[in-house]
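Presented below, as structure tokens, is a lone chain in the form predicted alone.
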């Protein structure tokens, strides 16, 4: 006698041809080598994004995006809504873990040269999604309308406004005016729940299609290393391992959310002075701390403006690495690119720690 799952599978199969999809997935193989562990961080990043979407939708049912009600609506969620505090804590922790997993995934792709031909578009969509993820963090930071978020947003938009020529229009666009007000909250709310998710969904779709189409990238020289090449079927072997890691990440997320619930703080007062020692989120700390070390003026250029321009140039060069690291595209490893990556990792970690402890 057929089980209910077999009947359900047959019912869906008759309508969407699941057998063809299973056959396609069964023909896909994942290379096995000493760097294979890094393949899983793409899936972890996707999983954390899905948690963000689900928890964000639940919060959206009670959140009110206005200057007068935003803080109070979060208070209501945390104190009156059943498990509301837990959902908000999961959303906040998942946001941070999402950025962490995305950064690890990005560096793993960089060091294994998985951006090389024909995966340039896959790398570009991934980098744009990372930038959008940081945009999610920046726009969502203000939504509770607490003191720390208010002044951090003011500092962040001031830095954006320091960019020559386009800085002032960008600042006004982000703030919805000259100052951080309720209009800024509405603007950030729109970015956070509509504009950024829409763009992200398109990029994610393209990214996933490309990954499935092109398969997992092999390290340089792996395919030429002889007949001792090992592979693993994507379905079900790799997929089950991916799901197991998702379960572990979910447990870590639950532990963090329960033992270290996200605090709300004090409601923002635009007329109050900024609290001492205000800092951005950890993934912006290395840039924030770097700007402190640049002199006020360098060769008649304002230090802050010079720092912003240098970071902009660095991000552009990093994003375009598939096009200037031509050596790796022809099956050869470029050691200079690896050394640059190691320097960037050390720089980011060191400046983040200095910013955190300062």
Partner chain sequence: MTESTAEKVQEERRDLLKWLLGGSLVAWIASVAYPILAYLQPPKQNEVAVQSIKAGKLSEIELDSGRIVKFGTKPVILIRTNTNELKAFTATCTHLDCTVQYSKEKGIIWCACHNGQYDLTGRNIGGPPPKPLEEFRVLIQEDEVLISKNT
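Predicted model only: the values in this text are computed from it and were never measured. Numbering follows the first chain given and starts at 1.
Keep in mind that the form predicted together with its partner chain is missing from the display, and what follows is about it.
Of the heavy atoms in residue 292, none are within 4.5 Å of its partner chain in the model of the complex. In the model of the complex, at least one heavy atom of residue 247 sits within 4.5 Å of its partner chain. At a distance threshold of 4.5 angstroms between non-hydrogen atoms, residue 72 is in contact with its partner chain in the model of the complex. Under a 4.5 angstroms non-hydrogen atom cutoff, its partner chain in the model of the complex lacks residue 219 among its neighbouring residues. Residue-level contacts in the model of the complex: of 305, 59, 46, 30, one residue has a heavy atom within 4.5 Å of its partner chain, and it is 59. Only one of the listed residues (87, 162, 109, 285) places a non-hydrogen atom within 4.5 angstroms of its partner chain in the model of the complex, and that residue is 87. For the candidate spot formed by 7, 19 and 23, no residue has a non-hydrogen atom within 4.5 angstroms of its partner chain in the model of the complex. With its partner chain omitted here, the record of contacts in the model of the complex names 62 to 70 of 328 to 336, 62 to 70, 293 to 301, 312 to 320, defined by a heavy atom within 4.5 Å. For the partner-free chain shown, 76, 77, 80, 81, 82, 83, 84, 86, 87 of 73 to 96 come within 4.5 angstroms of its partner chain in the model of the complex, judged by any non-hydrogen atom.
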